[in-house]
Ligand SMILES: Cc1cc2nc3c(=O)[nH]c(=O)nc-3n(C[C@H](O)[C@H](O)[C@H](O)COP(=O)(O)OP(=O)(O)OC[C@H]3O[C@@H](n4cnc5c(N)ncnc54)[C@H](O)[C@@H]3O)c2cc1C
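Before any questions on how it binds or moves, here is one chain, the form predicted on its own, in C-alpha cells.
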Amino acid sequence: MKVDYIIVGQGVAGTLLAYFLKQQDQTVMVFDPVYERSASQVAAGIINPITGRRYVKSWRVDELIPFAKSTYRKLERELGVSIYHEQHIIRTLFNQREENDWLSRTGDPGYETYMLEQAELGPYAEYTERAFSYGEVCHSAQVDIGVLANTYREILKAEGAFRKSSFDYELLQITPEGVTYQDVSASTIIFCEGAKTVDNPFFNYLPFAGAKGDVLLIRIPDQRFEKIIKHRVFLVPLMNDLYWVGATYDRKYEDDCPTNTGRAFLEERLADFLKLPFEVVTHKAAIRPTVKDRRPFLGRHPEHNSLAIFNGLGTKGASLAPFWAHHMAEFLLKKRKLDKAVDIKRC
C-alpha cells in the first residue's frame, strides 16, 4: 500500500496533523495502540491564556487561541460532536500580594482582553470556602481531546487509514524513495508519539523532560457549575454532573500508573475549598511529553529526510496543537520554513 504520509500516534498531535494533511488531499496511514493512559485520553484539554504565579500571557496566545477555536469549531461541524467548550476560569488569590499582582497585571497593554478585575463566582460563592480574593480569566476553554481523537479515529478506520498497533522501530525500512513499514510505503513518516518518543531510536536525542500527572473524574450531583476554578488544582465542569480534577506534576516516576499518593493529594486539595460531597468515579494518570524550553518539536531528522517529528506539546496541547499541526503540514507540503522557536534544529 502506498500513501503520502505515515503518522505514528493518534493523540491530539497526530489527529490534527492527519486532519490538516487530508485537507490538502494527502493520503495517510495512522498507527496507534489506542492506549487508555495516553495524555490525550487523560487530560482535561484546558485552554488557559493566563498562567503561572506572575499571571503572564501564555506564549503566542493572541494567535494560538483564535486559531484553536476556529479549528475546533470547524471540526465540530464536520464530525457532528461537541468538542470546544468556552468556560471562564476563576483564579483563587490567596493573599494581598497576589491580589495586587493580579490587579496590576489587568492594566498591562494586551491583558485586558483576558483578565477581569472582579470575578463572578456564581454557585461557587455558596459551595466553596471563601478565599482572600479572586480573579477571572476570559477566552479560556475546555476541549474534549478524547472525543476528538476517538471520533476522528472512526473516520480514519472507515477510510482504511488507521491500524490499531504499537510501532516496532526495527521493522521500519528507510529507502531512497522514503520509508516502508510492514506493507505500507510513504514519502515521509511523522512521529507524534507523545511521551513514548523517549523510546524512539531516531528522535530520543531530543531533550524531552516528561511529567506524570494524576487526575480524578468526580461526580457532584445536582450542581451546575459553569466555570472552571483553580484553587491549587483545577476543577473542570464536564457533562452529567461529572468534573475533572487535576493535575499533579511529577518529574520523577517509574511508570504511568495512577498512585495512591496522587489520589490523596488531589482529594485533599479538593476538600480544602469544596464544601460539597463528591464521589470519585475514576482515577487516572498519564505522562505528558514536556520539553525543557516549553516549545514543541517540529522538523525532519538531521540525517534521514524521510523521518519527521511533531511532538512536545506538554501541558498546553489543546491550545498549541491546532496552530502547530497546521504549521507542520505547511512545512511538509509547501516547503514552508519552520518557525525557529519550534524547529528541532534549535537543539
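Computed from a prediction, not measured in an experiment: that's the story for all the values here. Sequential numbering from 1, following the sequence displayed.
Keep in mind the form predicted together with the ligand is missing from the figure; the text below concerns it.
Highlighted residues Tyr35, Trp244 and Gly317: every one comes within 4.5 Å of the ligand in the model of the complex, counting any heavy atom. Looking at 61-69, 43-51, 274-282, 301-309, the stretch with residues near the ligand in the model of the complex, meaning non-hydrogen atoms within 4.5 angstroms, turns out to be 43-51.
Within this chain, Leu17 is remote from the site of the ligand in the model of the complex, having no heavy atom within 4.5 Å.
Contact check for Tyr169: a heavy atom falls within 4.5 Å of the ligand in the model of the complex. Put simply, Met29 is far from the ligand in the model of the complex: not one heavy atom of it is within 4.5 Å. At a distance threshold of 4.5 angstroms between non-hydrogen atoms, Gly213 is in contact with the ligand in the model of the complex. Along 59-93, no residue reaches a heavy atom to within 4.5 Å of the ligand in the model of the complex.
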